[in-house]
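Following this are structure 1 and structure 2, which are two forms of one protein chain, each written alone as structure tokens.
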Structure 1
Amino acid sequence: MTDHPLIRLNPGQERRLKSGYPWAFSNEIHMQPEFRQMAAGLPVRLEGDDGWRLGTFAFNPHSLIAARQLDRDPAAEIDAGWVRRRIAAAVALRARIMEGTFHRLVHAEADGLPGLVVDRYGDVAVVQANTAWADRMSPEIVAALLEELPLRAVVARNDSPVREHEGLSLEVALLHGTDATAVVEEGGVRFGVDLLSGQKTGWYFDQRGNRDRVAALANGARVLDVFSHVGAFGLRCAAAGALAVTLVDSSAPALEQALAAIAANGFSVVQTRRGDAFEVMAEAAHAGEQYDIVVCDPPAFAKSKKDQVAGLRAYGRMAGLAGRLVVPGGFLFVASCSHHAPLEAFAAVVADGLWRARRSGRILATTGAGPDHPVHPHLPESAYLKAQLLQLD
């Protein structure tokens, strides 16, 4: 047995964890005064009140999610070798299920590395350590990545607000190499990526499969890409033969990146429009504009549980405005990356928004993230992305 400290759950709190749930919340743990003094992120042995051994967990006495499962073995050594084995397994999985070298390489709990996100951009990796244990193990994580992959640079994008819940500071840093410039190649389109100051880890790999679906419909189409960010959906449609593409976003830096990608790929059918998405859609509907394809991939409207009602209302309003802009027989793609907007509720408000817009149609696909974003089978929280592709009458 290792010398990991032993922590027990309160009576009656072990049922979910015995069934595979990988988190224990602070109110479920029999918290002793000395536990409050422990450094965040250290491994512990977690047991039920009945002595059931649940495994080795990363413990943070200052976080709502106080314990996250690292290994089912309560005697596991969480060292450089353990980290490298988990990283190697993630690399091997992507080699089997993904083409090329642009993808989500590590997806937190689903890859057995709680709170750790790694995105790969060819020979550059972007690391986001969103938990205290991953932050403590960052040197071992970087070393494992360099041993497994031919990387010229590793960037830390530790600026996610969720780090604050773990008591961690926010920072962006170049951990290895001297040049963090990178590109993404997708569907024949090259996008320059700002790894040091762009959003999140630089690119939304989770929507790649959905971009494939939308682009497959785009030949000869007029496309409106709302909440476009750097134009990933719209530019994929342009490459697939769209007649005209309009990108709409409120962020000037994002649209500047989109313009750079438009120029780099030689697209003459794409234009940008800066403005609030809801206002732009309302103005377009008032002007009688219609498109063959409308894409709405917004940022999270429900970032927390308290935002759920207002967030769902916003998704419904979005769907109604977008639905008015689709020609009869055209297509609407809508998405939500809010965990607090569950699929059933999201689908219901989308349907209600379309009904209020006096549009009917059919759902062609209900989807989530791509396979490089696997879902932990006992952690529904990891299935955050949901999307629908519809044809409207």
Structure 2
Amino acid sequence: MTDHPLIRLNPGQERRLKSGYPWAFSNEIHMQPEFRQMAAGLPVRLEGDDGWRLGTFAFNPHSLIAARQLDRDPAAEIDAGWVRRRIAAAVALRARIMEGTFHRLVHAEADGLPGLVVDRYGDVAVVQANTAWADRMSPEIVAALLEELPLRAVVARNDSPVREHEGLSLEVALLHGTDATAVVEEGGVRFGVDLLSGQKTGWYFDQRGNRDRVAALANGARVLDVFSHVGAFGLRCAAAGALAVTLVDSSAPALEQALAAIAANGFSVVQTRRGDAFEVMAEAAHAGEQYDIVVCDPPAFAKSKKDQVAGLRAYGRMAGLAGRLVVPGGFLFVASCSHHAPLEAFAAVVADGLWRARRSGRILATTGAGPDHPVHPHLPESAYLKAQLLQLD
């Protein structure tokens, strides 16, 4: 047995964990005063009140999610070798399922590494340690990444506000190498990113498969990319032979980045339109504009449970406005990245919005993030991204 401290759950709290749920909440734990003094992120042995051995968990007395499963084995040593085996498994999985070297390499609990997110930009890795455990193990994590992959740089993007729930500070740092710029290559588009800069990178890997799906329809098409951000969907369509692409976003910096990428790729068919998406779509419909493909990939409209009703209503309104702009026989892609908009509810408001806009059609695909963003089977709510591709009559 290891010398990891033994922590027990309160009576009657073990049922979910016995059936595979990977977290114990602080109110479920029999908190002794000495546990509260423990440094955050250390491994512990967790047992039910009945003495049932639940395994080795990462413990953080300062977090609502107080214990996260590391290993079913209560005697597991959580050392550099353990970390390397988990990282190696995540790398091997991506090598099997993903083309190229631009993808999410580690997706936290689903890859058996609680709160650790790693994105791969070719020979640069970007690490987010979103739990005290992952933060504490960062040296071992970086060493394992360098052993498993030919990396020239490793960047820590520890500036996600979720770190505050774990009592961690926010910081960005270059942990290895000298240059944190990279060029994402996706479907014939090259997109330069500065992985250290204050902004997020601008290129979201979670929509990769959906961009492939939309771009496959884009040859010869007129495309409207609404909530375009830097234009990832629209640029992919341009590379796939679109006749004309319009990017719509309210953010000037996002459209500036888009213009730089348009120039760098030599695209002549892409233009940008800055404004509120709902207003731009209403004006376009009023002017009788029609597109072969309309993409709507908005920010989360339902950021919390209390915004759920208003958020869902906004998705429905968006689908109706966008639907009016699609030529008969054309395609509509709609997405939601809200944790608080479940797929069934999202699908229902999209259907309702299209009905109100007097558009009929058919759902060709219901999708989420790609397989490089796997989901822990007991945490299905972590599958935040949902999307539909429709053809309209």
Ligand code: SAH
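Predicted model only: the values in this text are computed from it and were never measured. Just so we're on the same page, rigid core means the largest C-alpha set that superposes within 1.5 Å between forms. Throughout, residue numbering runs from 1 along the sequence of structure 1.
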query	finding
Between structure 1 and structure 2, the form predicted together with S-adenosyl-L-homocysteine	2
Rigid-core frame, C-alpha of residue 290, shift of 2 angstroms or more between structure 1 and structure 2	yes
Residue 67 C-alpha moves between structure 1 and structure 2 by 2 Å or more, core aligned	no
Large Cα shift (2 Å or above) at residue 209 between structure 1 and structure 2, core-fitted	no
Displacement in Å of the C-alpha of residue 300 between structure 1 and structure 2, rigid core kept as reference	2.4
